[in-house]
Every structure is written in C-alpha cells, then in structure tokens.
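The chain below stands alone and is given as structure tokens, in the form predicted on its own.
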C-alpha cells in the first residue's frame, strides 16, 4: 500500500485470474478505498443511462455465420494509419492512480502488450510523457478536455505532440460535471494530483471535487474548436461524445478525422440513450467517411453482434 495524502493506493503486483468484468469489479471494491471506487464505478443521478448502456446489448442477437472457411480469425485492423493487433482502445479514463499507484503507466504497458491502442486523459494521474514512455513506442492518443485558457490547451497539445501521440481526442460531452451521487455521499475530493494540471492556475486537482475541475474547462465548444486543434497540431482530431447523426456530420464538416460514439459511460447526462442504441444510425449517416470509435456498456467480447459489426467502420 502507498499512502498518498491519506489515501491508501494499492501497490500490489500479482497475477489476477479474471473471470469476467463484473467479478473484477467486486474484487476491486475490496481494495480501492470507498471514495475512489465510488468515483470510478458510479454514474450520474439514478444511473439510468449507465444501466441502459449494458442492457442495450440485449436488444440485438449474435447471428453465427457458418461455412466460412475460417479457422484462425484475424482480429488485426488498420485505423488512422496504425496497424493494431486488436481493434480495442483503452478509453481515456481519468485518475487511474485511484485504483493503483502505477496508474496509467501500467495500463499503457498492458495495452501495448496486447497490441491495442492507449488513449491518455487530460485528467490523468501520470504525465503525458511518462505514460507515452511506458508504452515503449506503442501507439497512443491524447484526449483533451478543453480549457477556457487556450495557452494551457496549447501547452498540453505541445506536450502530446512531443510525446509522439498519433491523434487528439476532443471530448465535447462533458462541459459541466454530471450529478454523481456516489461522490456526494462519499464527499469525494481527489487525493492524488493530476499530473497534466500541475501548471494550471486553478490547481492540480488535489483536494478538489470533479465539479471544481470541470469549472475550469471550456463550456462553449463548437466546430471552430475542432478546426483550430487540427490546424494547431496537424494531427487527426476525433470528436468524442457524439450521440446523434446530426452532430456526427457537424463534426466531420468541421474537419474531424474520426467520430467517437459515447455517452461518457452514463456518467454525465443521465436520461440520454444507450450508446449502442444510437450507433447504427450514426454509422449510417457517417457512411464510411471517417472511422468510428465506440464505448459505453461493453462488458463482454460476445456482445459484438452482427448488427454492431456491420455498423462499425473498423
């Protein structure tokens, strides 16, 4: 155990026998302090959207295809000029130091080992450079929570480019914090600093609640911001938090190189539709113009149905 500002970070290193994600959540709850677990696990308000995300996969069935002459399926894929062994990306999850002392650096190592794609969060416990170094050359993206301070945005984007990230993910569905009742019950404030915020005027996040951190973020985000980031970085910009065909086309029109269908795991706007339920309509509207990334509600590999396979562009 590592004690950080009174917070008991796990530093255990052992091989886990992971049966499935629900059972892993149960084991994590035994180790992660209550406040940290509540922040990681909880959704907005009564968690209706969080629950819909997982239940939505029951709406479609897996249709097995026979006589396919395949005995060694190849899961590798190419996206944004990158070759991946598996079409899986680690979503840009904030403050992974709440779960383990090595946080994002160990996540980056694990993702690299399986040939997936790592996405760093602005609100990471570990710096952009350290997380990139842990990946040892494996491809990574950087997710930007846009600040009101454009100079600060530039500094993050500069660091991301220097670290060799391959694309920028712009999150647009979290301009204010969701009403997360677990955090209120636990009176949760981040005990561990967020490395990328250390030079930010409002502080590094330590001792703050998520609402205070989001208060420094930009509440006004529009198509011009997509163009501005693309021009400044000369990197592909993927717009995260798209939940309607209209917004997908608006993002592409602004120069987005990718669409990221997500409702933030049901942690922001409660009452919104499950991501899986809007995926097909968005994919139809996008019509292979750009790649589509998808998250929210995935709990098993078997949830990949024929309908989902047909909807995705990669």
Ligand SMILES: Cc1cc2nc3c(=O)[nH]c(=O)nc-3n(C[C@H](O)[C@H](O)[C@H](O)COP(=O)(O)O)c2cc1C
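Treat the numbers as computed from the prediction; the structure is a model and nothing was measured. Positions refer to the first chain, counted from 1.
Here the subject shifts to the form predicted in complex with this ligand, a form of this protein not shown in this document.
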- Partner proximity in the predicted bound form: residue 94 to this ligand, non-hydrogen atom cutoff 4.5 Å: yes
- Item | in the predicted bound form, residue 297 touching this ligand (heavy atom, 4.5 Å) | yes
- Task: Using a 4.5 Å heavy atom cut-off, state whether residue 171 contacts this ligand in the predicted bound form.
- Result: yes
- Contact of residue 153 with this ligand in the predicted bound form (heavy atom, 4.5 Å): no
- Query: So which stretch, 281-289, 257-265, 59-67, 242-250, is the one near this ligand in the predicted bound form (non-hydrogen atoms, 4.5 Å)?
  - Reply: 257-265
- Message: Under a 4.5 angstroms heavy atom criterion, identify the one residue in 147, 121, 233, 107 near this ligand in the predicted bound form.
- Response: 121
- Query: If you check 32, 274, 44, 40 against this ligand in the predicted bound form, which one has a heavy atom within 4.5 Å?
  - Reply: 40
